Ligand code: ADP
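A single chain, nothing else alongside it, follows as structure tokens in the form predicted on its own.
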């Protein structure tokens, strides 16, 4: 399996506070990956480390097997759209594309023109006079015209309306289908991620809590509902991720390593939103009296 982005115990510190710590993950080629976490979890820091804008204080980050800092061969294969979609506001889209062509040897101006034509964005209007959604589309077209092997997107749709957000994601998926680019997309909007992403990275408290193929992760997690004093957990439970209790009932989200068959517990499939919120939450996952995670 080819790995596009790999981190090993990666850490970045600002003063005494760690913005990212002990971050280890591997992103396979060809995936559209969701990078999820609350504000301050380290998402932007991870992306800035991956494009060489920051240097780590611990561990290592590799892109295409190499360190990205000042490596033109690596950086020429990476596209990055930052959270505030920074563009020269007095430039038109055409002027932005002209600059892109002068700075990137494989810049595909025809692709950039085609992307904007498909969604009706004028190329002769100053970028600063476009809507937020249109500016995000210009930034995406600029990044994709670079023909990158890896595209990093830091909350690119956070400030735009739902219709513009959907158009942006449709454009993204069209470009991915056309080019085969690997994508790492940071977002808080779980419904968007569920529609577009097939790989998941969950960051919480500056650390990676979960990483892997979305289908595989959903298949190995279940929600269990049983009596508050329902006795031992079923065989096949490897980890209690989150637990919620009422006076009479316990609801658990668990990670499994085998089918769950126990009449004392009802097992249900989980959604991507269930999974993400469980790993981001601070709910009680400690065993109650009578619980035992089977060996």
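Numbering follows the first chain given and starts at 1. Since this is a predicted model, take the numbers as computed values, not measurements.
The same protein has a further form, the form predicted in complex with the named molecule, not shown here; the description that follows concerns it.
By the criterion of a heavy atom within 4.5 Å, residue 240 is excluded from the residues contacting the named molecule in the model of the complex. A residue is said to contact a partner when one of its heavy atoms sits within 4.5 Å of a partner heavy atom; residue 28 fails this definition for the named molecule in the model of the complex, lying far away. Proximity of residue 40 to the named molecule in the model of the complex: non-hydrogen atoms within 4.5 Å are present. Proximity of residue 44 to the named molecule in the model of the complex falls within the 4.5 Å heavy atom cutoff. Only one listed stretch (253 to 261, 62 to 70, 44 to 52, 240 to 248) carries heavy atoms within 4.5 Å of the named molecule in the model of the complex, and that stretch is 44 to 52. Contacts with the named molecule in the model of the complex, taken as any heavy atom within 4.5 Å, map within 2 to 21 to 14, 19.
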